[in-house]
Ligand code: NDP
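Next up is one chain by itself, shown in structure tokens, the form predicted on its own.
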Amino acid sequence: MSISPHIHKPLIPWPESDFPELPEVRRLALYGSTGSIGTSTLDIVRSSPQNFKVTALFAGSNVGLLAEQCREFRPEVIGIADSTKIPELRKKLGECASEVEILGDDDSITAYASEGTYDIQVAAIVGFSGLASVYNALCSGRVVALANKESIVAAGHILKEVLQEREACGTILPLDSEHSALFQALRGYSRDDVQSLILTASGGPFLNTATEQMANICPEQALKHPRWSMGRKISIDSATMMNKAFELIETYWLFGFSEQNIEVLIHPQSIVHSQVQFRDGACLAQLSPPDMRVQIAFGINFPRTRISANFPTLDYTQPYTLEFLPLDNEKFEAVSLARECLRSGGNASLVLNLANDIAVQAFLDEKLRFQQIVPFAKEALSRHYHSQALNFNDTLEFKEHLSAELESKLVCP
């Protein structure tokens, strides 16, 4: 371990005094309301109406569920990224359609992030498409409860510049279970107390599958995560361990520690969500059942006392076995690629993120084999990495050009 494991100021409010004051009833703008993070967030709002009010709901294409959410939570604004579905949305809303403003394109939905009336943006959009709304919110001084890890993976240096070098800047709170666990374990300690941060990974559905048996894995098999109920994209990322690779990059930016001081352990039970190793030999871990509502509730309610909610708890009358195994970097190469990206700097993480997005979708569309996903991303890194980091607008332009080029290189199995 290096003598000074922390290398830059963290992007999260550490110490807590850095967190801005918010009203007693916090107004939420939920980006990605129909996904697993979105629906879990609404469960929390449903159980704690005295703490939260939903002012905006934004979804990609799930018209039916968005309409149901609108009728229950009565936000001021809703939006659907697929504008062709607005007539269907209005029809499903019925009388409620006259009571809510409906946004129907990415530009207006993204603009709400900087112009809308809310206190916390819950950033739950999956993939690169969530970056613009996160960026706009932070530039306008808002609090972002971040579940969209790709925003930091693709543009960590940009968000760092927004948060640390501009006069009006926002705040990031982590919602991912691993980063929330680190955030909770670090409360009350200084950065100099810490030796390393330890991320845990379930190992996904193929932890015990021999490498030679992975050649014919189909999407249905890869989507069956043994512990977590997640969306399709993140489920595939968990199966390849790319999700853990992204979390390592996110940890680097959120907490400001060198990648050498960020470890990854396999923990199949998914009860210990992350651990902090301190210099004096002590190790603090955060434990809870694999239910994202625990972490989401902590994040959107921070720094107030914990919410009293009827979420699942660990039953200590039953025996538990907690296993910790080293990561097989040959079988799951994604985490090593993440370390290479952090050592390289520049746009390496952006390339990794984009290539993985394309490869995962190609696998789900049965245009790419499972074992080709990570090698596809690795090949993209070798060809398209640039040492000079881009600004926000150039990042969006680079994404469009690179995506088109990478998609043209897909080879059907």
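What you are looking at is a predicted structure, and each value in this text was computed from that prediction instead of being measured. Note that residue numbering follows the sequence shown and begins at 1.
Form predicted together with the ligand: not shown, discussed below.
Think of it this way: in the predicted bound form, the ligand has a heavy atom of just one of S196, S129, S270, Q286 within 4.5 Å, and the residue is S129. Residue-level contacts in the predicted bound form: of V77, A334, V276, M230, one residue has a heavy atom within 4.5 Å of the ligand, and it is M230. Stretch-level contact check against the ligand in the predicted bound form with heavy atoms at 4.5 Å: of 381 to 389, 367 to 375, 26 to 34, 343 to 351, the positive one is 26 to 34. In the predicted bound form, at least one heavy atom of A59 sits within 4.5 Å of the ligand. For the chain shown alone, I234 is a contact residue for the ligand in the predicted bound form, at least one non-hydrogen atom being within 4.5 angstroms. Remark: T240 does not count among the residues lining the ligand in the predicted bound form, judged by a heavy atom distance of 4.5 Å or less. Although the partner is absent here, I172 sits far enough away that none of its heavy atoms falls within 4.5 Å of the ligand in the predicted bound form.
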